[in-house]
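Here are two versions of the same chain, shown separately as structure tokens and labelled structure 1 and structure 2.
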Structure 1
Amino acid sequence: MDDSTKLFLQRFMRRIPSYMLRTTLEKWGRLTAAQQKSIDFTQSKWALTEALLTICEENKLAMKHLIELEMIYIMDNPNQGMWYVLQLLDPEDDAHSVELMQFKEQFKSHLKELVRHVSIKIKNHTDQAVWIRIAWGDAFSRPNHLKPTFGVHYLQTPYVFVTNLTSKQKPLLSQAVVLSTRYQAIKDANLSGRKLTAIRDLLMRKYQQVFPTKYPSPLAENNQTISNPHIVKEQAEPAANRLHMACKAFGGGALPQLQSAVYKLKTKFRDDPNKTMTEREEPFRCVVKFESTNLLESLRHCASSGIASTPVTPLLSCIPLKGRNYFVITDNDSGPSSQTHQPQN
């Protein structure tokens, strides 16, 4: 095994948590049963790395085998790093009939035409997802396996999720994806997050969206505080309404875990008591960033508890509705505009 392969394995071993190692190696399937048994998983990472290096040399494994291992790990743990969503536009007539094998071949050949030295690995996952791993090189250097880009495309949808993609690599990947999926263009979907599963669920509406309308009263709280029965009676209907509207905007049940939403506001200042500012022509520029461990739940709670007025403003309900979390708001349209945004890498 050459030095770069060793380095790759060492880096990988540093990254993977110890408790995941056994199952990932089993799934990889490149160790014999005896070898798998011989590894003592209670050792320190350093010792484990040495043991694994020896075994890989015995089996004469090369870089192309190791990247399979990495890919298995990432596919099982996609909720790390920062994922950005791209959306394909204007499908050709045959876009919907693109099959897996066709996509794979086409993507590989298109990308190889664009980039001289590139290493591509494609695997399909259980739920219609095609995982792509790309190690980029250029005209003079071999592919760099230490900084691969990962992409996930769900066939039959126009979405591509990417992580670790630099701004130089983006047009190349975009071109290859567009050509191989038989669409005409691709743009930023203005949605990003740390958890792939969350942004995927948000985008593809794989969570309970409609609140069951037959729910008669606000959900029972866990800690029953002693409250004034008059207040409770008086507030019962407004509270139920707020809850209903909050769930209509965001959905009932568990919500996908988005971490943040950013709004760039370029609208005119309007606060009637302040005449000077209201008459001003220029926009009042500001940026608002909402952050939370689970943003959609926080917003839903704001709406149901009255911190946010209901009906929920379209600016906020746009997040689940349009599946985006970056918006540029100007006065021209009543809702958020769909200007593109370059994700920072």
Structure 2
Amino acid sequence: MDDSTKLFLQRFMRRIPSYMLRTTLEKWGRLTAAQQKSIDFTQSKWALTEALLTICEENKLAMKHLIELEMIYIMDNPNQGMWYVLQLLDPEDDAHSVELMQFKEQFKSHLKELVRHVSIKIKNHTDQAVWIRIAWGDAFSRPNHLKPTFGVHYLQTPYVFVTNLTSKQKPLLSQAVVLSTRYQAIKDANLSGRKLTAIRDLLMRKYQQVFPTKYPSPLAENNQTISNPHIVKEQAEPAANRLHMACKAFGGGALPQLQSAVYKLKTKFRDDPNKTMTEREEPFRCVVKFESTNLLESLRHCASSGIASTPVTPLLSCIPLKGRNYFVITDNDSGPSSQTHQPQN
């Protein structure tokens, strides 16, 4: 085992929590039952690392084997780092017939034509997601396995989720994805978050939506605020109406745990007494950011409890409607419009 492989394993061991190591190694399947049993998982992280290094050297494991170990851990724990969404555009006639093996072969072929030194590993997850790991190099350096890019693509959908992708690498990845999926273009979807599962569920509508039909009474009865016996009769109807409009805007039941939404304002400053600002030709520029551990749940609660007015403003209801959390607001548009959101590392 060379020094770069040892360093990779040491870095990996620093990342993975000790309580998850046993299960991850079992899924990896590169250790014998006796070797697995010989590891004392109650030891310090340093001692665990040394023990695993010794076993890997005994088994003559190389970098490609340790990459498998890393991917198992990341695939089981995807809500790490900052994920950004790319959206594929203009599918060709056979785009929906692309299969896994076809995608893998073409993606590797196209990317290796663009980058001289690159390491690509592709695995299919149990939820039908295609996971892509890319270690980037260039014309003069070998692939850097310590800073890989991860991508997730669900075949037959126009979305690609990426993390740890630099602006230099982005055009290369985008071109390879477009060619291997039979689309003609790709753009930023203006959606990002630290929970991959949350932004995936938001885009793919994997949460309970409330459509604009007659509101069923059981939902209102299940809400503790509405069923509070101290709410007088004349307050019950407005409260139920607020809950209805809040659920219609953001969805019912458990919602995707989106952490933030950003609104970039480029509007005319409106304050008649302040002539210095109102007479400016340049638009008033500022950024408004909403943050929460579960932003959609927080907004829904504000609307249903009366903290925020209803009907819910399109500035907020467009987050689940459009599947985005980055917007640019200008005087020329009736509502929030999207602008390309470049990932930042």
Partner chain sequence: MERHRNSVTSKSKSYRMSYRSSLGAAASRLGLTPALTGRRLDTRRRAPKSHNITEKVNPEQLALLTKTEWQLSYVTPLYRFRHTQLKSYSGQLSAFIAAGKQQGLAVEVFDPQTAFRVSFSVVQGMTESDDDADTVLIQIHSKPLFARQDEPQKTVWSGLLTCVNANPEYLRSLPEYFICLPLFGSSGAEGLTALVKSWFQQSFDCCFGPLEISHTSLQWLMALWTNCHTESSIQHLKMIWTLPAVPPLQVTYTVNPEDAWELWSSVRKTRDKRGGEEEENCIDIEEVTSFMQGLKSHFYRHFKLDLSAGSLNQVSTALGSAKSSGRMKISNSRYMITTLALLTECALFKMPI
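Remember, predicted model here, so these are calculated numbers, not experimental data. Residue indices: 1-based, along structure 1. Whichever C-alpha set is largest while still superposing within 1.5 Å between the two forms counts as the rigid core.
- Structure 2, not structure 1, is the form predicted alone.
- Shown in the overlay between the two structures, fitted on the rigid core, is a CA shift at Arg285 of 2 Å or greater.
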